[in-house]
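Only one chain comes next, encoded as structure tokens, the form predicted alone.
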């Protein structure tokens, strides 16, 4: 009998949860706990970490989990690595629902870097208006270049003091092209730092940057061990032995 665990927190994970609920699959949706007001899900939901590989393995055993779907953010590398190890330890089936990365198009001014530290190094020495579209967990290294005027965008208002002065936008995506164009123009943004998350929900800023001729420092995805990976809800449902029921 199937009992699935969705490691979620993304728009794709929410789409999957809706389809799994419609199909009547026994499943649990897990949030990492970083967002203070996560979206409601049509499945039993847990919030918070598992306590590393051993904690996740214990949860899989105690809850009778047969299938794990890693639908976390492409940059949630620690959780993804924990899932790989815990599923190997418990003999549990694992699949990753991971959107394809963005690819550079004609007119894009990307500077591709391996990580956040490299992104900081690429920023110019002269003061500039910079939009950091990388999430609040990764901004601290930019304090080493305090000469810049930073704009940040978070889902929740920051509860702790920021490591540098910044203009904070509190908003939840998806974002539109027109909205991103206006935001970049009004704030006079000259540089964008982004992670190659892929998907449509966060792509508008990349398209807007192309239209405005802005350079984008694009942080590549972290490398992960080999695992089964698909890009659509339908493929996950097929893996679970069900037909996709989107819109049913």
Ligand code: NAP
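Keep in mind that what you see is a predicted model, and the values were worked out from it rather than measured. Residue numbers count along the first chain shown, from 1.
The following text describes the form predicted in complex with the ligand, which does not appear among the structures shown.
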Report summary line: Assert contact_stretch over 70-78, 90-98, 108-116, 141-149 against the ligand in the predicted complex, heavy atom within 4.5 Å, equals 70-78
Report task. May I ask you to check whether residue 213 falls inside a 4.5 Å heavy atom distance of the ligand in the predicted complex? Result -> no
Requested in this report: Give a yes/no on whether residue 64 approaches the ligand to within 4.5 Å in the predicted complex, heavy atoms considered.
Outcome: no
Requested in this report: Check whether residue 31 has any heavy atom within 4.5 Å of a heavy atom of the ligand in the predicted complex, and answer yes or no.
Outcome: yes
Report task. Examine residue 188 and determine whether its closest non-hydrogen atom to the ligand in the predicted complex is within 4.5 angstroms. Result -> no
Query raised in the report: Heavy atom within 4.5 Å of the ligand in the predicted complex: which residues of 137-156 qualify?
Result: 137
